[in-house]
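Quick setup: one chain, the form predicted on its own, written in structure tokens, and binding and motion questions come after.
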Amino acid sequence: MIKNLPTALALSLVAAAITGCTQSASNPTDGGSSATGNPLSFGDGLRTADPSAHVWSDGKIYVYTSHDEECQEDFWMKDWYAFSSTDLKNWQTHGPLLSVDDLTWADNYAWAPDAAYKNGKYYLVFPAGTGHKDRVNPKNSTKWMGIGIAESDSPTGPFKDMIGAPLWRTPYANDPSMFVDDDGQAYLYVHAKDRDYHVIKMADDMRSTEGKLVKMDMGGYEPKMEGPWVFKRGEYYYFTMPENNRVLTYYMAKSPMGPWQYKGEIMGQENNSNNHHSIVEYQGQWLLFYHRWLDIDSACGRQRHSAAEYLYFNDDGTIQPIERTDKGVSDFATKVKAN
């Protein structure tokens, strides 16, 4: 894509990839500080990404996120946060829930987390790593990432890494998505080196895996992807992802391990910026959480901020395409009351 752009613009895009803080995105007037509901009001100065939304038994919705530091270098990130609400407008901040300083096996790359509840415990599943990615001479890269899991008696922590190690060391992996089915079986989906579109079962104690990563039948269509998110609605399971790291698309199946049938787009790309999302039902309304690159009081340009939109299904279970809005879900309390 860059080869078709003017030289100056191409160089600026390369620089954005290296710094991790100037990716292309909408102008703030299209969804920034002037927005009514987007980005979500998670706290002054907090820049969050990769929102993973869950509803727990206390009736609140919780959004678990990664945390972008101001002008961070190449996505060098250190901790994870959570935010809770009952109206999607007023949010309580929780965190940091866990930091790479709490880990013995990693010291960087506190990227997109997920969460789960089982056995009376709350689990934070997260990627972290070591080393350095050499973008100029990739052969010199020493970067490695693995998947860890921490647990707590509370959805807001403190979370503790009970196994003191990643769930595995090979293959290199990040972007975990943990889905607990109706029968209590937990499935872990990841973005991994040569293992995309794979799934592995979790052991009942949630501290280890069972068997090996299993390649799923995706119906013959397997584009480049990151950040899978799996959920269930009625009789259908949904495998959703940022296709080519940009466009949110999805598959449907009758089993959490497939076979899957590709269904198409949920949300288009925005100015060639990456995206990472989650989908959840809260108080009878389905919601999409995602992030946008916006310049909001930043010393180094556009950075990531979490946002949300309403999500609707067709009668056959397929998902209706979603447009980004400034309003977002700011009228949620009124909307659910009316229903």
Ligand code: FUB
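Numbers follow the displayed sequence, beginning with 1. Note that the coordinates shown come from a computational prediction; the quantities given were computed from them, not determined experimentally.
Missing here is the form predicted together with ligand FUB; even so, the following discussion is about that form.
Item to check | Option touching ligand FUB, based on a heavy atom within 4.5 Å in the model of the complex, out of 66, 306, 52, 303 | outcome: When ligand FUB is considered in the model of the complex, the option within 4.5 Å is 66.
Item to check | Among the candidates 230, 247, 77, 199, the residue which, in the model of the complex, approaches ligand FUB to within 4.5 Å (heavy atoms) | outcome: So the residue touching ligand FUB in the model of the complex, by this definition, is 77.
Checklist entry - Would residue 241 sit within 4.5 Å of ligand FUB in the model of the complex, counting heavy atoms only? => result Output for residue 241 is no: heavy atoms all beyond 4.5 Å of ligand FUB.
Checklist entry - Would residue 226 sit within 4.5 Å of ligand FUB in the model of the complex, counting heavy atoms only? => result Yes, residue 226 is a contact residue.
Checklist entry - Is there a heavy atom of residue 112 lying 4.5 Å or less from a heavy atom of ligand FUB in the model of the complex? => result Yes, residue 112 is a contact residue.
Next on the checklist: Residue-level question: is residue 276 within 4.5 Å of ligand FUB in the model of the complex, judged on heavy atoms?
Outcome noted: Result yes; residue 276 sits at the interface with ligand FUB in the model of the complex.
Checklist entry - Which of these stretches, 86-94, 204-212, 179-187, 69-77, has heavy atoms within 4.5 Å of ligand FUB in the model of the complex? => result Stretch 69-77 is the one.
Checklist entry - Out of 155-184, which residues reach within 4.5 Å of ligand FUB in the model of the complex, heavy atoms considered? => result Only 175 sits within 4.5 Å of the partner.
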